[in-house]
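This document opens with one chain alone, in structure tokens, the form predicted alone.
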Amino acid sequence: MIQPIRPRRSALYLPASNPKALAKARTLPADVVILDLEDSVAPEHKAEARAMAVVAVAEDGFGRRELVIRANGLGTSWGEDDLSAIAAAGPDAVLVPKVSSVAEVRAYDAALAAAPAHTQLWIMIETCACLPLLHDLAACAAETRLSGFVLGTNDLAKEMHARLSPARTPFLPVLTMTVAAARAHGLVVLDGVCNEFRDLDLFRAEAEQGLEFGFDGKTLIHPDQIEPCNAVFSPSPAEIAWAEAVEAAFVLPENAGKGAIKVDGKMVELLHLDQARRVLAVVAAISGET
């Protein structure tokens, strides 16, 4: 099932245990705010972070930003309590870590049984075991709340004993297959974080790589990454002009019923019309017109 287009260019992780971060998140131009209960929260602060995330959902104030809570895994001491509290709170989505099997997806879906219908399930793609199963995992979307993949390159690099260089060479097949599996089943798919938040040129290059592979957006670890990320994952003026020209050409009476026409001296087909309409839909979603 294809989901309605919603801007997810930038998805900022914030520790749910930090009240200043929670307040600031309501003012930042990120499309998605991910309140983290997992990696960025020390064990002694897990319960406090959970309670603060629940309050944040209740207080709202995030506007058009999509609000997601990343829970601890069900195999941890905090996972069941996290999922129970998050289900009752009803954020836009729950992000869960280190999913490696279809059975785990179904277990998380069952743990969210009491959640409102709008609360989606996103899963981290960050284990070696999940890579051969990407298609099977994505196919769970047909019968569960699953609607998103989020790449976790740091954990994946750790498991693989691979170097996470700027080119991300060891992970290029993973980028391709993660996007392909997500697209095959209508899932949102977000690229992993760039650890270097001080070098925005390096960050932008990595974001452009993610765009080239087809990701909807990128997860972030610092507010300074939001603006360049939004810029990269927004259609350019040239792309918008092309999309408008293609759409306008296909609606001309003389082109009615044609599968291929000439636009600006180039042949375009109906598949290009689909691409053009998606570009325009993305632009409309970003501007809040949908």
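The first residue of the shown sequence is 1; numbering continues from there. Since the model is a prediction, treat every value here as computed from it, not as a measurement.
Just so you know, the form predicted in complex with a small molecule exists too; it's not on screen, but the next bit is about it.
**Q** Which of 233-241, 218-226, 49-57, 251-259 has heavy atoms within 4.5 Å of the small molecule in the predicted bound form?
**A** It is 218-226 that comes within 4.5 Å of the partner.
**Q** Report yes if any heavy atom of L28 sits within 4.5 Å of a heavy atom of the small molecule in the predicted bound form; otherwise report no.
**A** Yes, L28 is a contact residue.
**Q** L273 near the small molecule in the predicted bound form, any heavy atom under 4.5 Å?
**A** L273: no, not in contact with the small molecule in the predicted bound form.
**Q** Against the small molecule in the predicted bound form, would R198 count as a contact residue? Criterion: heavy atoms within 4.5 Å.
**A** R198: yes, in contact with the small molecule in the predicted bound form.
**Q** Even though the small molecule is not shown here, does L146 get within 4.5 Å of it in the predicted bound form, heavy atoms only?
**A** L146: no contact with the small molecule in the predicted bound form.
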